[in-house]
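Below, in structure tokens: the form predicted on its own, a single chain.
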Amino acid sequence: MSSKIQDEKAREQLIDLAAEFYDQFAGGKIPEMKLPTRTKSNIVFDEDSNVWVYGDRTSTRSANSVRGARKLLKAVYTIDFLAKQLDEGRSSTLRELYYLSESWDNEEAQFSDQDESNQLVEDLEIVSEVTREDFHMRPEESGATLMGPLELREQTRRGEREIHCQKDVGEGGYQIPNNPDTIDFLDHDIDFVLCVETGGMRDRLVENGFDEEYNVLVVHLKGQPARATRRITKRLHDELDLPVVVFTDGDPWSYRIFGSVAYGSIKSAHLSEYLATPEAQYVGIRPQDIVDYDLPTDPLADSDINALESELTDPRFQSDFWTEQIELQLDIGKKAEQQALASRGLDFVTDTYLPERLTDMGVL
């Protein structure tokens, strides 16, 4: 679908939503907007698709109370702003939307903080079934990058351009755009996709030529991955039929980074089937690695212990592998970073650790 047609579709969906409020008024009904209840208790793990989705419970934003009327007023003002933005071919950030509301002529429509405006944009995504990227709404720059044997075409304000993600970029790689659906994959020599949590490890892999030696596309997650990063990873898997592996630190928060890539996150449960890659595999630092390689470690903090115990009951980690590794980590009371592998030499990760692990997993 061309970007112009996509913009028109997004605008139509927004206008249809505003028209619903008008029709409710005209029919003598109190305007309302129904949404899935956005609480942790209404997030369920769909066993068929292996991703987080909203459950059956819904809540209603109704103008029958001052609080509800204020929320709908803010929704209408935001819809008007987004529709104009699409008309003009402009874009804005989530942060800018919060500040822009200060200029709206009705003080009741202005946002009290950015969390409120962020949540409203997510609400509009859910009820309109259009993503914020198609609203031309951007988060603050994530800076996540790709490096590897992939040739693509991207759409820019200066027209289309073709880029090879090794030959045409510097050591920093190709920066993933806010909306990866504007990219066309042209050609590639990729054997698998390797998602890497930290910048230090990403730089080590590139410096050691791991992307060239093993025909791997290195995706820098930059910590908890942004939506654009998860979306392009899913597209690479689904459209190019590429295996995806995730390489993170060995701590509970990093396991959740893997879970976010593979199964989706609670915060974006309405987009899990658009963002998540359930077939992704974990190749990151394991508690068993800490023991086997005698890696430098840090002690588990109380928050780490609580997070690990929570993961023992998390549907995303219900397997013999995860149960065994998490229980081992609780037993040894230690965690380790990716860069701890450097204690065995700067080339250990690319010459030994990853090749052996990926061969065992059947990726190499």
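One-based numbering along the sequence shown. Predicted, not measured: the structure shown is a model, and the values here were computed from it.
FYI, the form predicted together with another copy of the chain isn't displayed, but the following is about it.
**Student:** Quick check for you: of 97-105, 125-133, 237-245, 274-282, which stretch puts a non-hydrogen atom within 4.5 Å of another copy of the chain in the model of the complex?
**Tutor:** Among the listed stretches, the partner-contacting one is 97-105.
**Student:** Hey, in the model of the complex, does residue 109 get a heavy atom within 4.5 angstroms of another copy of the chain?
**Tutor:** Because no heavy atom of residue 109 falls inside 4.5 Å of another copy of the chain in the model of the complex, the answer is no.
**Student:** Would residue 71 count as touching another copy of the chain in the model of the complex under a 4.5 Å heavy atom rule?
**Tutor:** Result no; residue 71 lies far from another copy of the chain in the model of the complex.
**Student:** Taking 4.5 angstroms as the cut-off for heavy atoms, does residue 299 touch another copy of the chain in the model of the complex?
**Tutor:** Residue 299: no contact with another copy of the chain in the model of the complex.
**Student:** Considering non-hydrogen atoms and a 4.5 Å limit, does another copy of the chain approach residue 352 in the model of the complex?
**Tutor:** Contact check for residue 352: no, nothing within 4.5 Å of another copy of the chain in the model of the complex.
**Student:** Considering non-hydrogen atoms and a 4.5 Å limit, which listed residue (356, 12, 20, 347) is close to another copy of the chain in the model of the complex?
**Tutor:** Among 356, 12, 20, 347, a heavy atom within 4.5 Å of another copy of the chain in the model of the complex occurs only for 347.
**Student:** Output the sequence-ordered list of residues from 229-261 with at least one heavy atom within 4.5 Å of another copy of the chain in the model of the complex.
**Tutor:** Nothing in this stretch is in contact.
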